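First comes one chain, alone, set out as structure tokens in the form predicted on its own.
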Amino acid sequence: MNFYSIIAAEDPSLSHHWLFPEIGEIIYGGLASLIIFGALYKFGWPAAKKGLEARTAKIQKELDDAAAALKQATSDAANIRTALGDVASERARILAEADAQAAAVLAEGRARIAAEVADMEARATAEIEAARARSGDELRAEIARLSAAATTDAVRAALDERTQQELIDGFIAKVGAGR
């Protein structure tokens, strides 16, 4: 007799072999397992298959949505790039227009300043000529006045009283005869 058979005789919960259960337990346990596996196959497998298919459909929908979102994002990015290109060309056009307007304003300003300078030069030249004419007239008048005064002084010094009286009488006679 071995050690296990002695212990098995004393303890009925112990089996005849240390590794395998009793034959009845194998049969009842096997039948119960087959029933459970059959029920799981009949009821659980369709539910699991349905759940896996629903999960697969959900994942496929998410993948399709992600692909659509990627396509939309790619389209939006292309539109943005096009808009940026349009913005750059619009900016270049606006800058070119601003440069042209600035050049036109600058040319107009230069022309206006040149006209004003020419007008000022013409007025200054006219004023200089007027001042020259006035100063010439004033100089002539002063020379005439000084000449008259000098002539009067010279004639008085050269003429005596009798000669002066004869000149005055001769002048009066000429004026009276010319009437």
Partner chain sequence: MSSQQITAYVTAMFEIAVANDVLATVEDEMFRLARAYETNEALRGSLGDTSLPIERRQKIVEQLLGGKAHNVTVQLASMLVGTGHVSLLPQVADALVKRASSEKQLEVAEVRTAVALSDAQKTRLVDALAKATGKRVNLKVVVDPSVIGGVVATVGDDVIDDSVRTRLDQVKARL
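Numbering follows the first chain given and starts at 1. As the structure is a prediction and not an experimental result, all values here were calculated from the model.
Only in words, not in the display: the form predicted in complex with the partner chain, which the text now covers.
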If the cut-off is 4.5 angstroms on heavy atoms, which of these, 60, 151, 33, 135, is the one near the partner chain in the predicted complex?
151
So if I measure heavy atom distances to the partner chain in the predicted complex, which of the stretches 23-31, 49-57, 141-149, 123-131 falls within 4.5 Å?
141-149
Would you check, heavy atoms only and a 4.5 Å threshold, whether residue 171 touches the partner chain in the predicted complex?
yes
156, 161 and 164 - do all three of these have some heavy atom no more than 4.5 Å from the partner chain in the predicted complex?
yes
